[in-house]
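Quick setup: one chain, the form predicted on its own, written in structure tokens, and binding and motion questions come after.
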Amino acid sequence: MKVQTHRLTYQTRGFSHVLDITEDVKKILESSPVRSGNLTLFVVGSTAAISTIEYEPGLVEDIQGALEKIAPLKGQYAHHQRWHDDNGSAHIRATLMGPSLTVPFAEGELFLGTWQQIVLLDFDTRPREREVVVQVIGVE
């Protein structure tokens, strides 16, 4: 069993910014001697998430709209009162979406569907530099 750890860094705009990071993840896997196993991604921070979607503008807008209904940006949050902050909605959204994702692979190929891309979602209320940790775990 072999484990490799990589880090990817992205500049994000916040406010439910969605970035397709699939190609960056595939490049990591292509450069790895590990041929079969699991690839795990984890975004560092409590106001961002990792998921898979069909990355197209309509669906990105739909996801942003759905999250606005669930955790409105201008909502009232105890987090704001306690910390005199403005990103309570970002914490709720990130918690619901989750900070990590595991994708199996074999023969160096990720098991992603034709219309399935890996995305980083930044929910904070300002631009951020985001770090995504990628671990390739498996056999050569």
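Start at 1 with the first residue shown and count on from there. Only a predicted model underlies this, so the values are computations on that prediction, with no experimental measurement involved.
One more form of this protein should be noted, the form predicted together with a further copy of the same chain, which is absent from this view; the next part is about it.
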Arg7, Ile53 and Lys69: each with a heavy atom within 4.5 Å of a further copy of the same chain in the model of the complex? yes
Proximity of Ser46 to a further copy of the same chain in the model of the complex, heavy atoms at 4.5 Å: yes
Taking the shortest heavy atom distance, is Arg82 within 4.5 Å of a further copy of the same chain in the model of the complex? yes
With the cut-off set at 4.5 Å between non-hydrogen atoms, does Thr95 touch a further copy of the same chain in the model of the complex? yes
May I ask you to state whether Ile63 is within 4.5 Å of a further copy of the same chain in the model of the complex, using heavy atom distances? yes
Can you list, in sequence order, the residues from 102-119 that come within 4.5 Å of a further copy of the same chain in the model of the complex, counting heavy atoms only? Thr102, Val103, Pro104, Phe105, Ala106, Phe111, Leu112, Gly113, Trp115, Gln116
